[in-house]
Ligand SMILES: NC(=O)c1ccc[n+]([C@@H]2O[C@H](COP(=O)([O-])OP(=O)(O)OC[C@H]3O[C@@H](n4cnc5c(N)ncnc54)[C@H](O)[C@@H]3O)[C@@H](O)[C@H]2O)c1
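Here's a solo chain for you in structure tokens, the form predicted on its own.
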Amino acid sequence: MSVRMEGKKTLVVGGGQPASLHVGIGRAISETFAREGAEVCVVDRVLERAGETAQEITAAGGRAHAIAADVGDPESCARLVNEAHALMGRIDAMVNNVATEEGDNDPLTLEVDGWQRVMDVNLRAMWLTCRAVLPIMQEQRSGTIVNTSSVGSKTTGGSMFAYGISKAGVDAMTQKLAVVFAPWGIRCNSVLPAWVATQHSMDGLMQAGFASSEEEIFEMGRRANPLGRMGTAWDVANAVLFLSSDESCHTTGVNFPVDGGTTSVIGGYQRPKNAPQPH
């Protein structure tokens, strides 16, 4: 059995998930860490969801704890880090894997409240959890942070305007933290999934009007990248595992695509159907 995270104390913010047919990224990361020998603190807004992930881990012989916290609340961001530190004694790796598209829309239709909600959850919360864990890692003189971003941080168009900007902010913040805290042996990277077969992404794509069924999404995912298949939560989890393990000890400040080659495709732009005729 591989033990790439043997003895590591890890914190996965957004590690629970509602009941669904598809494994979520946070749960896949939590279970992958545990399988590789880590102790895991699983955080979710709903304690029962965090508990289900923790139970999956302990049932397989791993060590896990469940913590309830709403990262939309600034005080909860510091509390969840402090609680995890108290439970495990140190934090070697933290993953930020919480995001929302609630209230998002195109640039002209998006309301101020929708913008603020997306920014608070997707960007402010990651800054606050990082701000809380970094002094712990500074004292340890080691640690890794992986923030879940999106290929949406590099692309434009559509009705997820605030979401894409928030994820671009995550990438920029990740690189700035990587440089500032490198002298303490702290590494910070982000992963950029494309369309991934999770319930959250399926529901989000349908609500945004990109597709009307999961079958249509799978077909769109197959056609949207050079590797010819839609990604899974396990693909993302394996990338996070690498970036959190000592195997990537000389890697920091990287925005790491897990996208089947999507961001490498040039010439994929299509003029919107409602665009006026050029002069």
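Don't overthink the numbering: it's just position in the shown sequence, from 1. Since we're looking at a predicted model, the values are computed, not measured.
The next section is about a form of this same protein that is not shown, the form predicted in complex with the named molecule.
State yes or no: in the predicted bound form, is some non-hydrogen atom of residue 25 no more than 4.5 angstroms from a non-hydrogen atom of the named molecule?
Answer yes; at least one heavy atom of residue 25 falls within 4.5 Å of the named molecule in the predicted bound form.
Can any non-hydrogen atom of residue 200 be found within 4.5 angstroms of the named molecule in the predicted bound form?
Yes - in the predicted bound form, heavy atoms of residue 200 and the named molecule come within 4.5 Å of each other.
Using a 4.5 Å heavy atom cut-off, state whether residue 260 contacts the named molecule in the predicted bound form.
Answer no; every heavy atom of residue 260 is more than 4.5 Å from the named molecule in the predicted bound form.
Decide whether residue 255 counts as a contact residue for the named molecule in the predicted bound form under a heavy atom distance cut-off of 4.5 Å.
Outside the cut-off, so no.
Identify, from the list 90, 117, 79, 154, the residue with a heavy atom within 4.5 Å of the named molecule in the predicted bound form.
That would be 117.
Considering non-hydrogen atoms and a 4.5 Å limit, which listed residue (134, 162, 177, 99) is close to the named molecule in the predicted bound form?
Checking each option against the named molecule in the predicted bound form, the one that comes within 4.5 Å is 99.
For the chain shown here without its partner, which stretch in 180-188, 69-77, 137-145, 107-115 has non-hydrogen atoms within 4.5 angstroms of the named molecule in the predicted bound form?
Only one stretch passes the 4.5 Å heavy-atom test: 69-77.
Within 177-215, the residues that have a heavy atom no more than 4.5 Å from the named molecule in the predicted bound form:
If the 4.5 Å heavy-atom criterion is applied to the named molecule in the predicted bound form, 177-215 yields 193, 194, 195, 196, 198, 200, 201.
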